[in-house]
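The form predicted on its own is given below as one chain in structure tokens.
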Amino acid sequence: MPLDQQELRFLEDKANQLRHLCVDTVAWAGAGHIGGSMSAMDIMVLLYYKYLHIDPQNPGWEDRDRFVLSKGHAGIGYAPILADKGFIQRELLTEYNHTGSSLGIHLDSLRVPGVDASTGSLGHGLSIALGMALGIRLLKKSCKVYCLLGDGECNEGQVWEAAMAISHFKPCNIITIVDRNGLMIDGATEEVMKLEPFKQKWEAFGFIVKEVDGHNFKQLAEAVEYSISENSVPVVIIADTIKGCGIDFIENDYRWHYGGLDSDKISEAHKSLTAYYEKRIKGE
């Protein structure tokens, strides 16, 4: 169902809250992959607070939906969501990536409740998600598998092998989303390893492509709803996003793929996020 105004405001408020918490987590950790976490935040918030059927009190619930964060380096944005949902204690965020902490820079599914797949070696997530989806189908369960990729990792051949297999086996329970922020660790995707024509590549592999504004909850929700309802052809959602979204001195700067924040930058980031949130609310 489309988002009503109450749901939309809730999601906006939650995304704002979690962006601020991500900044704090980067500060506690000393550094982190803040750029890609900010670009993916709205997507993850929509999934975790609207679509995923999960139980934080029973993270291993067999009938749960699965989420695979293929761009596993965005764990510093993912962990605050897991804490807010109750999978992990919020206090653990203050120890993010510290020696002995259960929260490494890439979240480990064997150590972090609620994480369905250990990722970080880019390119593997969609294959993992496909395996989950086929297993769920074999068990005749109604669970869904949501996989969030980064655009930079679509340089990896395994992504396209997985896409080819999805098109062949046609599991109708997998929802594929690409965080298309246009930047990767060394620069623009189109300069490091050209992806365009990106939409046509996915279409050539047998997918229906939905291109949306990855920071617009209504557009994202409509695309997810379409993906869930389509039972014969695989769908990929290409979510156009801004790396570092909401933090003006980080936005669209590949050098903030990974970085640290001193006390002045932390304050500046929070101030920028507040202004960004107020601008979004006025535009509802």
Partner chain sequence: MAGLTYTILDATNLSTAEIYGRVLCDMGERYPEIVALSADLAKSTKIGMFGEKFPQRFFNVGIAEQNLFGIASGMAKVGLVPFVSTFAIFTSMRGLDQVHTDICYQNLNVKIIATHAGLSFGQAGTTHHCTEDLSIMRSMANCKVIVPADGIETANAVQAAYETLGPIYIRINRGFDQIFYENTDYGFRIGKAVQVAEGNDLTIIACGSCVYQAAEAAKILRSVDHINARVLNMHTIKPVDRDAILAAVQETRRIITVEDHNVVGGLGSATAEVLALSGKACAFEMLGIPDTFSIIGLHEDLMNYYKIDTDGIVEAARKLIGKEFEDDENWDDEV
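Residue numbers count along the first chain shown, from 1. Everything quoted here is computed from the prediction, not taken from an experiment.
A second form of this protein, the form predicted in complex with the partner chain, is not displayed here; the remarks below concern that form.
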4.5 angstroms heavy atom contact with the partner chain in the predicted bound form for residue 124: yes
In the predicted bound form, residue 116 touching the partner chain (heavy atom, 4.5 Å): yes
Close approach of residue 158 to the partner chain in the predicted bound form, 4.5 Å, heavy atom: yes
Proximity of residue 183 to the partner chain in the predicted bound form, heavy atoms at 4.5 Å: no
Candidate stretches 203-211, 105-113, 172-180, 82-90, one within 4.5 Å of the partner chain in the predicted bound form by heavy atom: 105-113
Of 257, 215, 66, 50, the one that lies within 4.5 Å of the partner chain in the predicted bound form (heavy atoms): 66
Sequence-ordered list of residues in 122-157 near the partner chain in the predicted bound form, where near means a heavy atom within 4.5 Å: 124, 127, 128, 130, 131, 132, 134, 135, 136, 138, 139
